[in-house]
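Let's start with one chain on its own, the form predicted on its own, as structure tokens.
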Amino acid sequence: MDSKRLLKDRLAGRVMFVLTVLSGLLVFVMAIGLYQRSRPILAIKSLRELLFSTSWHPLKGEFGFLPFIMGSLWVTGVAVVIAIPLCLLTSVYLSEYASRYVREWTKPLIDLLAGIPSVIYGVWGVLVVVPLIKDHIAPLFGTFSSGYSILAGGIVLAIMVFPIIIHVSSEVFRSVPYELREASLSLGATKWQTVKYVVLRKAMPGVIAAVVLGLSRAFGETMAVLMVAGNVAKVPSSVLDPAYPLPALIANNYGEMLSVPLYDSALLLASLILLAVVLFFNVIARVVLIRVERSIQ
């Protein structure tokens, strides 16, 4: 009986190990598959030419990804600039100042933001953010904008990444030992001075990891950005210009015009680039989180 039970335990352990390994390998399997499908265009055009060319004319065989890469960077950058101060101040308040009652009521609301489908954010952006930029923000700067712009995409994306940055930052702040706060307060520091010079300094690597996680989430977002960014294949020069991020390029065009030579391969190369960037950001965030956990322990 004991030998049979031990055999079951070993078998269950090995099965779970195999499933865990397979789950971890899925990312590499997807990357290999995308690379194999991208090889036709890589065999004809150099990666440098594809990444730094601004000409996107599939019917002429011109596949320059620079407008789409820059569109993704602009929209993600605006989203992060908007989200960082709001999320960090919210996290500081929830972890250092808010009462237990406020935290208990606020957490479900933040979770609700994370659960709203991205298309809802997109519709809200079209109905609220786009007219706001067109009728008020652009005239304020003496220029014209249709409203479908980098700024619209950045605002929508900033709201979408709020839950990620707030949750991770709050957990990092709460993991800072309370003894450090007491030591600072006992020396005569105010509450804000303690937060600024003790808690934030100790938690800074974790805060950076939270921002990187939010950035990777924003970089790969598709539907909401597709609906409000304007989708013009041109390198933008200001936040009021339209943009065409990589995820929107893939979502808009895959499945159409694939009879054009190399078009399918070009779109799958765009998918591979997007996967590589998001994976890079997530690895950096994970490494930083591990380091901050070890330093706190």
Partner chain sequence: MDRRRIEERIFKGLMIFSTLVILSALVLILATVIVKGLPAMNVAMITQTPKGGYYLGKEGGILNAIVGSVYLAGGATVLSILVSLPVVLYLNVYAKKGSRLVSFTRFSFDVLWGVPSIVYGAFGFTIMLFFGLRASLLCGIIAVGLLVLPIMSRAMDEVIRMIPKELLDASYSLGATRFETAFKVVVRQALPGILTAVLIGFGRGIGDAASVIFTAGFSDSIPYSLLRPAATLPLAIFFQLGTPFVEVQDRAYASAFILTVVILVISVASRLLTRRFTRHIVR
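Residue numbers count along the first chain shown, from 1. Since the structure is predicted, the reported quantities are computational estimates derived from the model, not experimental observations. Whichever C-alpha set is largest while still superposing within 1.5 Å between the two forms counts as the rigid core.
Below: the form predicted in complex with the partner chain, not depicted.
So the partner chain isn't shown here. In the model of the complex, which residue out of V81, M204, L109, L140 has a non-hydrogen atom within 4.5 Å of it?
So the residue touching the partner chain in the model of the complex, by this definition, is L109.
Since the chain is shown here on its own, which stretch among 57 to 65, 44 to 52, 22 to 30, 236 to 244 would lie within 4.5 Å of the partner chain in the model of the complex, judged by heavy atoms?
Checking each option against the 4.5 Å cut-off leaves 22 to 30.
Going by a heavy atom distance of 4.5 Å, is L127 a contact of the partner chain in the model of the complex?
Residue-level check for L127: yes, a contact with the partner chain.
Can you check whether S186 is within 4.5 Å of the partner chain in the model of the complex, heavy atom basis?
No - in the model of the complex, heavy atoms of S186 and the partner chain never come within 4.5 Å of each other.
Using 4.5 Å between non-hydrogen atoms, is P177 touching the partner chain in the model of the complex?
So P177 does not count as contacting the partner chain.
Closest heavy atom of L226 to the partner chain in the model of the complex, within 4.5 Å or not?
L226: contacts the partner chain in the model of the complex.
May I ask you to list the residues of 195 to 229 that have any heavy atom within 4.5 angstroms of the partner chain in the model of the complex, in sequence order?
Counting only heavy atoms within 4.5 Å of the partner chain in the model of the complex, the contacting residues of 195 to 229 are K196, R217, G220, T222, M223, L226, M227.
Return yes or no for V283: a CA shift of at least 2 Å between this form and the one not shown, with the rigid core superposed?
No.
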